[in-house]
Every structure is written in C-alpha cells, then in structure tokens.
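What follows is one chain in structure tokens, specifically the form predicted alone.
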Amino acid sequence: MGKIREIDVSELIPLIRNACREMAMEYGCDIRDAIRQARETENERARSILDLLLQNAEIATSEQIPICQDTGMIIAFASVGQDVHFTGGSFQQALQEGVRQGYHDFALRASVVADPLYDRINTKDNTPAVIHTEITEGDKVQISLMAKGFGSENKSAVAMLTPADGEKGVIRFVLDTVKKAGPNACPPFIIGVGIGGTFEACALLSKKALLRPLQEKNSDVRYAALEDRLLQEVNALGIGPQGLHGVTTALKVQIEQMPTHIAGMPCAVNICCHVCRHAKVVI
C-alpha cells in the first residue's frame, strides 16, 4: 500500500473553473488541423463554411468569448487514485463549485434545468454537472471534462444489437443515426461509438471515445479499420458542413469497446459537433 496523499478539495475549484473557460473559448489543435485538412478536399461552398468555422474559432480565442452560444452541460470523468484522501469537504461539491464559478465568472450560458419533466426551472449556474468516478491505483486525481451541447446530444442513440448483427449491424446503426442527425447537430461531426458492455456502459464508452485526440486510432487494428470505414461511409452520405452538402460530414469516428454478455452486442452512438469541447485536470 502506498503512502496516503492528502488533497484539499479546494484545490479543485480554480482548476475546474478555468477548464470551463478553456473549453468554451478555445479549439483543440487537433480539431483545427482536421478542419484545415478537410477544406482541401471540399467544394467551394463547403470550403467557405469550414473557413468560417476557423474564423469563428480565432475570434472566440482572441476576444475570449464562447465558440458557440450553447456552452454545454458539463460531464466529468474522474479517475481517483486509491491512495488519495480528500480533506476540507466534499469532492463532488468542490467539482460542482468549480463549474458554478466557471460559468458565472466567464459569463457562459447556463443551460441546466433542475427538473427534466415538469418545472424545468433553470438552475442559473449550469450545475449540477454529471460526474462519473472510478477508483484507480496510485495517488493522482485526473478529471476529464466535457462541455456537451444538446444540439448534438439530442441526436445520439443506443441500440441493443445482437451478435448476429455483427459489423454490418454496427455500420448500419451508425449510418442511420447520422442520417437522422442530418444538419441539426451542426456537422462536421466527431462521432463516438461504444460497443459492448451493457445498456448504460456502451453509452459511457461512446462519450469517452470523444475525449480521445483526433490523431489517435483505436489500439486494436480491427476497430481502427472499422473507424476508418465508418468515417468513409459517413462522409459518403453527402450531408457536409452545416448540412449544405460536401464530403466532410464527420471529421473522425472514434470507437471504444469492452467485453459484453454472450447474448448481446450493445452499441451507442454519441454525436458531437465539430468543436468537441473537452479539457483535462490533473492533481
């Protein structure tokens, strides 16, 4: 057993606060590179749209304003080392306070309602964030944050495929989901696909897939090849940037997989707009 490391939860708050600003106002370099590469193969109209996206990104960074009016709902994947002891209060409450301060201090749109069905009253500070926590070895805390807009989140889907559906079934489901999303989820997309696990686990996999840098492929060559094939077939749909036709409906398809039951093959598709806002906090 390692030596216990104490971390005061107050250390989290400014880190989460600043990550909220970063996600809202700054493109990732991998996304900029992917858009620049995509414009080289596009038609004139689609190329002009991609140029506008890059221009919008430059304005957001230089003027420190949000890339998009929908600054998203925060999802946090926290990996907490088993040799960490939090002091000074609640880890979860500190994370929520960081989100609260980030959205308030940087004038980001608050998009969360307290009750999903009846009252739907805005909480006015974009909390609560959705927090997923896992215990890992060591004495480090790593929090991967995502600011997920709902124009794309609303177009995501889960299917309980069977083993007999195989690769063709996965491809068909991904393409059907993208077709239904169409222009309404702000293409070009980054598409996270989760395969395996259970009903809820494959959905988490599909969201975690969006955290991977665009230049990285799945470590399993079979799934890496499927990522490439899915991207090719998605782009062959011709939806194009902002739905105005072209060969760049998606910038990347990213798959994460895990073991599952002999009787099933759960599959989830998490659609994300081209911004794919995420950040990492490490203590």
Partner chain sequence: MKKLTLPLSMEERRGLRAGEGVLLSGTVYTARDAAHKRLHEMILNGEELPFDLHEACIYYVGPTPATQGRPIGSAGPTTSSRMDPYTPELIHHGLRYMIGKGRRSEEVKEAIRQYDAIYFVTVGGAGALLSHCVKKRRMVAFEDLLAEAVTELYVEDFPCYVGIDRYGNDIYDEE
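Residue numbers count along the first chain shown, from 1. Note that the coordinates shown come from a computational prediction; the quantities given were computed from them, not determined experimentally.
Just so you know, the form predicted in complex with the partner chain exists too; it's not on screen, but the next bit is about it.
Just one listed stretch, out of 247 to 255, 43 to 51, 223 to 231, 210 to 218, contacts the partner chain in the model of the complex at the 4.5 Å heavy atom level, and that stretch is 43 to 51. In the model of the complex, the partner chain lies farther than 4.5 Å from every heavy atom of H132.
Put simply, I59 is close to the partner chain in the model of the complex: some heavy atom of it is within 4.5 Å. Contact annotation: V275 falls within 4.5 Å of the partner chain in the model of the complex, judged by heavy atom distances. Among residues of the shown chain, M160 is not one whose heavy atoms approach the partner chain to within 4.5 Å in the model of the complex.
Contact annotation for the candidate site: S79, I195 and G197 all lie away from the partner chain in the model of the complex (no heavy atom within 4.5 Å). Only one of H85, K140, R172, R109 comes within 4.5 Å of the partner chain in the model of the complex through a heavy atom, and that residue is R109. Taking the partner chain as it sits in the model of the complex, the stretch 121 to 156 comes within 4.5 angstroms of it through a non-hydrogen atom at just one residue, K124.
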